[in-house]
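Okay, here we've got a single chain as structure tokens, the form predicted on its own, with questions on binding and movement later.
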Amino acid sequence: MKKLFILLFVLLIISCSIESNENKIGIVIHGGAGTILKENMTAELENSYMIKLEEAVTKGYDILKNGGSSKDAVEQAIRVMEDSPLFNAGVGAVLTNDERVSLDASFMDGENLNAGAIAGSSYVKNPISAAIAVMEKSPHVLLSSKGADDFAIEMGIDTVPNSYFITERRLNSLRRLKDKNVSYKDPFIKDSKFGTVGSVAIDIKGNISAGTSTGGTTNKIWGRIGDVPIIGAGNYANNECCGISATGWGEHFIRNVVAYDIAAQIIYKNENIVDASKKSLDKVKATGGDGGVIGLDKNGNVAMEFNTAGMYRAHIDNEGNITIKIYKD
């Protein structure tokens, strides 16, 4: 009898081990959605985007493959994009009406629903890291402007002069708008509102994390803040269902609470993540907005949906298969 109990105990351990190993890892990223047309893209620029998307998604996947957390995978993938002038986040972010950069970011942990965000930062080199620090080292969820920068400095997070973020490309874009006498009271003109970066990952423990980072909209005024730092609008993660990161016209993503709306459809209606994402984007379109979302559900199924001409996106699944795309299929 004793031998039987020992055998059953060993089988139980093996079973638990197999079950644990069945958890699927995966990561998906986006680098913004908008009027991204192949005919407007040089071969050199397209290649630059493809290389950087591969670098970012691979950086995150390598962490997951080696048993690391989804939090670390999301943070490092986003930092790659924040450090690239190709995207509207960190260096290379779009400029406000007064020719400065103002940065927003958020992060959410699906295991415990903890979250952190910053808005209107002028000096944080990697806003996603500051958002994580808000989650881990403060009693708050969202810090803004000078307070966010002061917190980052106190936490020892890298800060840089605002001029570090400004590129000639973004400065010229803003000044072209001003030369055309585009009203500063109406900054949401065509192609001014896209370029946000984001990532969602699921690790071997089944924990889902989501992060999003942006410079907002070109020519923005009055300290405008979009959906990115608002949990449930531009970012959401919950191990019970999924993780979501959004990009697009932030006001409409706020009004439609897009990231949580997708999660709610999965939880309460048993919708799959692709259909849920499409339905939420239909709501955005109905109110006059557009954009895209990426997400992973608790089983590792991926969504990369958008209602614009294109979206910079990449995904690596549990088997290590990589997908990188820019345009519509």
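Throughout, we count residues from 1 along the sequence that is shown. Nothing here was measured: the structure is a model prediction, and the numbers come from that model.
The protein also exists as the form predicted together with aspartic acid; that form is not presented, and the subsequent description refers to it.
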Original post:
Of the listed stretches (208-216, 110-118, 152-160, 75-83), which one has a non-hydrogen atom within 4.5 Å of aspartic acid in the model of the complex?
Top reply: 208-216
Subject >> Gly232 within 4.5 Å of aspartic acid in the model of the complex, heavy atoms >> reply: no
**OP:** Answer with yes or no whether Tyr123 is in contact with aspartic acid in the model of the complex, where contact means some heavy atom within 4.5 Å.
**Re:** no
**OP:** May I ask you to state whether Thr196 is within 4.5 Å of aspartic acid in the model of the complex, using heavy atom distances?
**Re:** yes
Original post:
Is there a heavy atom of Gly226 lying 4.5 Å or less from a heavy atom of aspartic acid in the model of the complex?
Top reply: yes
Subject >> in the model of the complex: members of 232-252 within 4.5 Å of aspartic acid, any heavy atom >> reply: Thr247, Gly248, Trp249, Gly250
